[in-house]
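Next up: a single chain in structure tokens, the form predicted on its own.
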Amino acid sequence: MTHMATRIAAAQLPITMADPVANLEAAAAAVASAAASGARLVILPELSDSGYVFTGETEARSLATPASGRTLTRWRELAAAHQLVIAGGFCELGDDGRLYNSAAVVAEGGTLAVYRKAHLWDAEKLVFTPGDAPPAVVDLPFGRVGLMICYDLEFPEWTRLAALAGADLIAAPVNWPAAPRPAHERPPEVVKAQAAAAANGVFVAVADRCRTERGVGWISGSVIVGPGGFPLAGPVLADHPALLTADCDLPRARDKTLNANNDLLADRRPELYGGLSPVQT
């Protein structure tokens, strides 16, 4: 069956540490550019309003905002002005007083989902409380969009949960710290995004960031991957702002057949996977 392709955008932003006003304006400019290109969904990076390399919990708390606060309010205004949907990361102050590394899907009518990062990376564990809900999957007019954040994407169980929940596309706001790698090799984070797409037969759209922050550099690996595991746009792999777009027939991801005899999801044998239990120490 032929469907209408939807233009997806991933915005690689130059995030400024501890400057929410500048960061919201950078996001607004990227959303406007994405809208001008015909995008219906724009993905923004992880913690796109606050920056990432906090001095500690006190600084993070001073930059955090509730889901009803300035960041998602601004995104709702942008979504309404440009007639699109935004999926991005923000520093959340929960109603319980805890801090969360969160992401949201926001449309003209308001916030459709808030997801709290479940798998915290490195010093994030000293600042944030991990989320305990599965990846959010939102049913949009053009397809079903799953939401997770950065390190979450590296857990096959997590991306599989999103696929089993019906996601056509996994939107992943990320801040991927740079690390040494052999010459001419792609960063493993990009490889894992491609593997997640291929293993689950879904689109994966990653919005990474740029601009060194307190001595930390980034992969700047924004990429949009098709269900076969091959990039449709990117990866950028350069420390500069970028706006990637790709036309994606999202409902196509619901066909998991590989050939006349194989289906990515139907071929699973969960009864054999009992070993997927907590690690014994």
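Start at 1 with the first residue shown and count on from there. As the structure is a computational prediction, the values presented were derived from the model and not from experiment.
The form predicted in complex with a further copy of the same chain exists for this protein as well; it is not shown, and the discussion that follows is about that form.
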{"property": "Contact residue in the model of the complex, chosen from R76, H119, R98, R211 - any heavy atom within 4.5 Å of a further copy of the same chain", "result": "H119"}
{"property": "Residue stretch of 194-202, 136-144, 100-108, 82-90 approaching a further copy of the same chain in the model of the complex, non-hydrogen atom distance within 4.5 Å", "result": "194-202"}
{"property": "Joint contact, E154, P188 and L258 to a further copy of the same chain in the model of the complex, by non-hydrogen atom at 4.5 Å", "result": "yes"}
{"property": "a further copy of the same chain contact in the model of the complex: G166, any heavy atom under 4.5 Å", "result": "no"}
{"property": "Heavy atom of L276 within 4.5 Å of a further copy of the same chain in the model of the complex", "result": "yes"}
{"property": "E25: touches a further copy of the same chain in the model of the complex, heavy atom cutoff 4.5 angstroms", "result": "no"}
{"property": "Partner proximity in the model of the complex: V21 to a further copy of the same chain, non-hydrogen atom cutoff 4.5 Å", "result": "no"}
{"property": "Residues from 244-277 in contact with a further copy of the same chain (non-hydrogen atom within 4.5 Å) in the model of the complex", "result": "L258, N259, N261, N262, D263, L264, D267, R268, R269, P270, E271, L272, Y273, G274, G275, L276, S277"}
